[in-house]
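For reference, the chain that follows is the form predicted alone, supplied as structure tokens.
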């Protein structure tokens, strides 16, 4: 048997080298992420007008009906958008995983297309197509049909735009998760007479749960920080937390309250971030 000699000191030299390689990213993470979070939290807990520790800013937020309406709208938008996104993306991912031929390539290209469209361009296209006197209204008028109520400047405007904007990443993650589904297991189930619904429920879906959890977590984290689409397509009142924070900071000139709103949003994001980390850890363990 051939013996392989390991140079003495090789294992010891990897420790300092590894720490040196991660030192810069860790420093940037602490400087640009952890420090602003801690600084903002301290600022909201020790406001300028108070002599010391105070929850006055949080009390003002949770006692203000308008602020609570904005938080509820944000949570509602996150939930509805996530459900619609899964309802659209799961069939797309299943088709792309098992379909063959040129048509599947065209469908994949269309599914990835929103990734290369900036949000402001998407908002403009939305207004021109579904807005008042847009393309849909023009076609309906030409056919002599009744006009539809435009979702523009309603709570459904950001939902439609955010669903379209998040389809590519969702389809990519779900398709990657479907790669863990073995073809022999599906073929064996078909040989014994399993129907498509049975295949999906008992073979495909159990291997997709981790990907679905990751998609939900990443989607909600992105929706909480969304600004352009809710600002352009959404109603003026109530509004999602992104435009609300910007208006509080720039229009109302109240940086402490804007920081309080950001801290509350950060709390929700931390919860979903922990959910995401748990999903990734479970996926790696499986």
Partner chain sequence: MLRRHFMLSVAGSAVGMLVLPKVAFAEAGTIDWYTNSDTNILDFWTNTVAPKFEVANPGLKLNIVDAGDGMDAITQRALAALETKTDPKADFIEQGDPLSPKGAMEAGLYANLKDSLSNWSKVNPLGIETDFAVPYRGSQVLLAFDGTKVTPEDAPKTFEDLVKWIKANPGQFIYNRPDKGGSGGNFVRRVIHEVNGRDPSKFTVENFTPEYAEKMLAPAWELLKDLAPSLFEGGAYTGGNTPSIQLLSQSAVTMIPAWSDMALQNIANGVLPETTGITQLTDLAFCGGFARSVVFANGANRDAAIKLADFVLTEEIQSAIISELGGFPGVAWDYVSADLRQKYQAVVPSSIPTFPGGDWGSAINDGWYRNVAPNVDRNA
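Since this is a predicted model, take the numbers as computed values, not measurements. Residue numbers count along the first chain shown, from 1.
Separately, the form predicted in complex with the partner chain exists; it is not shown, and the next lines address it.
Put simply, residue 54 is far from the partner chain in the predicted bound form: not one heavy atom of it is within 4.5 Å. At a distance threshold of 4.5 angstroms between non-hydrogen atoms, residue 235 is in contact with the partner chain in the predicted bound form. Although the partner is absent here, residue 252 sits close enough that one of its heavy atoms falls within 4.5 Å of the partner chain in the predicted bound form. In the predicted bound form, the partner chain sits within 4.5 Å of a heavy atom of residue 128. The listed set 164, 152, 213, 95 contains one residue whose heavy atoms approach the partner chain in the predicted bound form to within 4.5 Å, identified as 152. Screening 105, 176, 133, 141 for any heavy atom within 4.5 Å of the partner chain in the predicted bound form leaves a single hit, 133. Remark: of stretches 46-54, 61-69, 28-36, 218-226, the one touching the partner chain in the predicted bound form is 61-69 (heavy atom within 4.5 Å).
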